[in-house]
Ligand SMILES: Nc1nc2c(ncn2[C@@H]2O[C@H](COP(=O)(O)OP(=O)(O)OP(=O)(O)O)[C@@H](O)[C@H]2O)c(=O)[nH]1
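To begin, one chain is listed below as structure tokens, in the form predicted alone.
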């Protein structure tokens, strides 16, 4: 398995900026991918948080196993952390986010009230790794194209404040990965779902990882989706899929075409709504 490292220069700058700007906010909104709630967290954020309240948003819930999503919500929630699972494209979530913000910041709001201070807008930093939907979230909140979006990592590269109604201000930040993945399984899941550029790790390794996981955890979904017979070895399973689809070149399976197509299938939910890590693991 490849040693995955991906830390572009703008991310180093963004990390410094986030550390500087955390003192300006009352709480943090962290977006994670509902399909990989653990692997899509950023360990560096834990070091920088300074015990601030946090709203964790599990984005892309429409692509994840709903049972596992509920289990992850239960696992991640605490007094200092609220958790929402959202479909950022179709859900109306503004009130949910606002309610969570006020609940998380209740002690701060009560202190302002006791001191007879005029309440100022709550300030939140919106952060997360690349390609989890931060810009989509911001644009949905602002009801305009306030942040650049794209279905690839590393698009947002500067800090900007966005007004959210009359009582919340959001600080959008670029997607930040940590310098090195000590757990290579984490890196592989991020690569599978597009949070790391495809050039970073060989596509055949990503495909092999995904096929192995499906064979262990979603055997019938894999067989039904590709109409193939069961074999024990993930590599042979992939070759069987390639032959079934006619990905042949000179009588042999065109492995480059096969691996790229299989990973694309996984990103497009070919085998259904898959959560690639379980809350009870």
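Positions refer to the first chain, counted from 1. Only a predicted model underlies this, so the values are computations on that prediction, with no experimental measurement involved.
One more form of this protein, predicted together with the ligand, exists but is not displayed; see below.
Partner contact region in the predicted bound form: 129-137, out of 129-137, 163-171, 94-102, 201-209, criterion any non-hydrogen atom within 4.5 Å of the ligand. At the 4.5 Å threshold, heavy atoms of residue 89 reach the ligand in the predicted bound form. Not displayed here, the ligand is kept clear of residue 40 by more than 4.5 Å at the level of heavy atoms in the predicted bound form. At the 4.5 Å threshold, heavy atoms of residue 63 reach the ligand in the predicted bound form.
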